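This text opens with one protein chain seen in two forms, each one given by itself as structure tokens under the names structure 1 and structure 2.
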Structure 1
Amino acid sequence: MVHAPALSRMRRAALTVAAVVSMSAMAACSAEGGSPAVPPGAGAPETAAADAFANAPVAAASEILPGSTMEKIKQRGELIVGGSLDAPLLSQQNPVTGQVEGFDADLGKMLAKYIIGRPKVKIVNSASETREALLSNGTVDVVFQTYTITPERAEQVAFAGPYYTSGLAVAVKKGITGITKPEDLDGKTVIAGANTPAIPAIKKVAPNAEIVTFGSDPECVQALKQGRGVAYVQDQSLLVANGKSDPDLQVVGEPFTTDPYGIGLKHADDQMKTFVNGWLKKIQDAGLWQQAWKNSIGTVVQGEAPAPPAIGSVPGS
């Protein structure tokens, strides 16, 4: 997630947010790199991203412990990721190549290579209210989906990381006046993602706000454009990413929280958590985390990649 200087640059880089067509709550795509096979004649993945995967480490055989989640994934030959297909710069399916691209998507592919030896991923497109169930019932191995670490979630799932830091911000339709800070939401109808930290954060700064929730970021953006609320509270990283394509919406003010993203794992799977944290440290030390950021979020935010957050620095991680 983005540190304060990077967040400020993100706001300057893009002050609008985009509506994205709503995807079904559960859809999957798979193939090498986490997407359907590239159609004939389609362009190859960007060189920088391809280089990142080529240079990504592979775990030693001794790290794949017998009977572990890692061994099951390696035997299957595919990492199953709970994530998004419609989050620009983070995890979005390219309609031309079929590839799933973005910061979260690239990290998922690098983790797959670390376990399997190649970046073979299947993405289950999940909603914010389904992620815990997908992990607990074994539908997915991990979740890469702007998954903020909270004490409540840590009672249901395990978190590796944190691997990124962002913060909640406020978006409105362009032309709306009277909302310049979170406290201005008090007494108004505000949109938030279901089962997200935005809900208690809104209640804290605007206790008289009426909160309406939707299952995905695209649904929330669409509801805002339809006038079903006067504002939408979401991670600024998502809002700025959406801002690449929709000038009708805008971000107001600066982030008013600090939210660490974690890699969601099945609850109490300490072996997998230790393994994933070890992998995360390796790609940070090798500069591959920074390269993934530059290939995605860094195409909007100018300057060098921020320092990744310290692994294990957040309660619950």
Structure 2
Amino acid sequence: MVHAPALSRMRRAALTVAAVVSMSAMAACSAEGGSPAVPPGAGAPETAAADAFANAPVAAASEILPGSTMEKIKQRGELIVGGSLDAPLLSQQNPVTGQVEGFDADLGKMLAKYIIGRPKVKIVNSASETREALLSNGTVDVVFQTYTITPERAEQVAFAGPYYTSGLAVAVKKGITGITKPEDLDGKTVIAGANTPAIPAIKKVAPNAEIVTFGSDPECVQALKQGRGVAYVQDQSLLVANGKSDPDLQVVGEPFTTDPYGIGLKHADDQMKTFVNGWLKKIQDAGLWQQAWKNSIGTVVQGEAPAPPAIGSVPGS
């Protein structure tokens, strides 16, 4: 008994040493990840994305109105974007390069270039429960995060765009039969991403479905494969991407919703909204929007880039 405290002190010391070592190892790793000496992940999308920024327009000085949000961002030299770091094809951090890649991320960089002159963004990892607060208290300048425009949200924030229209689809484990349309989900257990528009959408088409939610897309796929639900409802492009890498997954039917994604801005900042809508129009006319789509969602969805949705075409935008 006398030795017990001494022992535990030794063990604690050993644990601390282990923790410090692993922490410094992690620090070393991230330092390497951020250093330019490490070659960036070679690949066509990377170079194409760089080209997209080279051609991306820069706003004329007269458009950066004095005292506006745009001027504030320009003076700061960095656009602060509320976004995700874990959304494949849209906004996902590449663990090798440390760069955030995807459709939302590229648009954010192009907007930064338009305001500041170079694609310098800082992504603040926001979540659907914090987006409105982050915008209204000025922590982030804009939100690019599959932010579906709804009239309820439009009371809290302003939306530029819509910049993209997507839809939810249903995926099942390969070999499961009896689910061909979303209505078939009624009375069944359905998996959805936590805080995704899939939850209200499932409730609408299948009111008696039990919805099980998990935080991330890989967790949802894993849960589907483990049989924790018969189907997984998620954005169609994401499901197609999952289906490509995982043969156990099968997308059934066509998308059953239309979700217009908007660029979240501070509520009632009309100057900024007009400015961002103007930028969106410019990059769409220049084919840069289409190029960003091809580099991201277009890598899993066949065919040419779709026609972008008309700006201001949905209630709330």
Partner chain sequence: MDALSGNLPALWDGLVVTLRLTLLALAGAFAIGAVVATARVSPVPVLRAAGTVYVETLQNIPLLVLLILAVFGLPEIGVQAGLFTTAVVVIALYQAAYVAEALRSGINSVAAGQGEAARALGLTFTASLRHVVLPQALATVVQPLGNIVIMLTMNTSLAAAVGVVELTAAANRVNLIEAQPIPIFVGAGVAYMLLASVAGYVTGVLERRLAIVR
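Here the rigid core means the biggest group of C-alpha atoms that line up within 1.5 Å when the two forms are laid on top of each other. By convention here, residues take numbers in order along the sequence of structure 1, the first being 1. Everything numeric in this text was worked out from a predicted model, so none of it was measured.
A.B. asks: Which of the two shown corresponds to the form predicted alone?
C.D. replies: Structure 1.
A.B. asks: Could you check whether Gly108 and Gly167 sit in one rigid part, given that the chain shifts as two rigid parts between structures 1 and 2?
C.D. replies: Same part, no.
A.B. asks: Using C-alpha superpositions, by what angle in degrees does the smaller rigid part rotate between structures 1 and 2?
C.D. replies: Smaller part versus larger part, rotation angle: 14 degrees.
A.B. asks: By how many angstrom is the CA atom of Val233 displaced between structures 1 and 2 after fitting on the core?
C.D. replies: Here Val233 registers a C-alpha shift of 3.9 Å.
A.B. asks: Looking at Ala171, what is the CA displacement between structures 1 and 2 after core superposition, in angstrom?
C.D. replies: Its alpha carbon moves by 4.6 Å.
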